[in-house]
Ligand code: AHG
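Next up: just one chain, as structure tokens, the form predicted alone.
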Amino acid sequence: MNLRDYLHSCYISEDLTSVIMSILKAGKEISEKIKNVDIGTAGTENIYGEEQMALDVLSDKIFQQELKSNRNVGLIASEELHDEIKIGDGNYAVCYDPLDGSSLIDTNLSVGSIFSIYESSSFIGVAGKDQLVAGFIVYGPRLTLIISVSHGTIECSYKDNEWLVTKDNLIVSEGKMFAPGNLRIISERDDYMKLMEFWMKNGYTLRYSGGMVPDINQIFLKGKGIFIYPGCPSKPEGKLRLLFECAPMAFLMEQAKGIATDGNARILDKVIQSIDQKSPIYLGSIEEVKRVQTYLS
């Protein structure tokens, strides 16, 4: 089944389908650019003070061009921009991280784009549970997509100029695999060290690339494991952005029968108060997330 037929079977409107397809068209173009353009820095910083790669800037431009050409999109927000931008009168609002893991480009590891779609005139005041669609595109040996339209989580692959559903009903259950972000804070958190020791002493497999997209993609496709990025005294809210990274991944994970929390609250219940809002995140199989909450309470 191709993706359009799948969306039709889920009773997704033509307008919303067109927005999804605009996002995927941007992803296809970014995939081609990754193979051929400069991988150096752009000489600029994003709104978080992080040095931008040339591909960060180019990927954001591609997303903007595609979304501005779709009459159904009224609002966009990018991790590379200072604020949300009204681009038209459409009902749908699209937020995206145009190139997650861009620091991995020079090492030739997989990277990706994260996106989600709301029906709203502003992202301020919405919660992750209000998402209509969430997903991420993986630029690796294959061009793939993990997406949910509230009918479970599926994987698609780009083959013969179309997106084909290659794995439906992805489920994340129990299994010994972990992807631990921000390990440097072990110097600030003894409880994080104890959690690492538990995983290592109990024969867990470490899978961590330094990119959110490839690490969580592996959890979905292997059907097990946990990804965490905790806060610490010096950075209590961690590093990851709620709107652009945590909420979309939490939506996908819950649709795959896993859970996602910041240690105290369900990620999807957290209300967006600012575009650059950050949040700790623990997401994956139910029992593993519960274990992390016990260790890092």
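Since the model is a prediction, treat every value here as computed from it, not as a measurement. One rule holds for the numbers: they count along the sequence shown, beginning at 1.
Another form, the form predicted together with the named molecule, is not on view; read the next lines as being about it.
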Picking from Asn182, Thr144, Asn72, Ser120, the single residue whose non-hydrogen atoms come within 4.5 angstroms of the named molecule in the model of the complex is Asn182
None of Lys257, Arg266, Lys61, Lys239 but one has a heavy atom within 4.5 Å of the named molecule in the model of the complex; the exception is Lys239
Looking at the partner-bound form in the model of the complex, is Phe227 within 4.5 Å of the named molecule by any heavy atom?
yes
is_contact(Leu99, the named molecule) in the model of the complex, heavy atom dist at most 4.5 Å
yes
Looking at the partner-bound form in the model of the complex, is Glu245 within 4.5 Å of the named molecule by any heavy atom?
yes
Going by a heavy atom distance of 4.5 Å, is Tyr208 a contact of the named molecule in the model of the complex?
yes
Out of 191 to 199, 135 to 143, 208 to 216, 81 to 89, where are the residues with a heavy atom within 4.5 Å of the named molecule in the model of the complex?
208 to 216
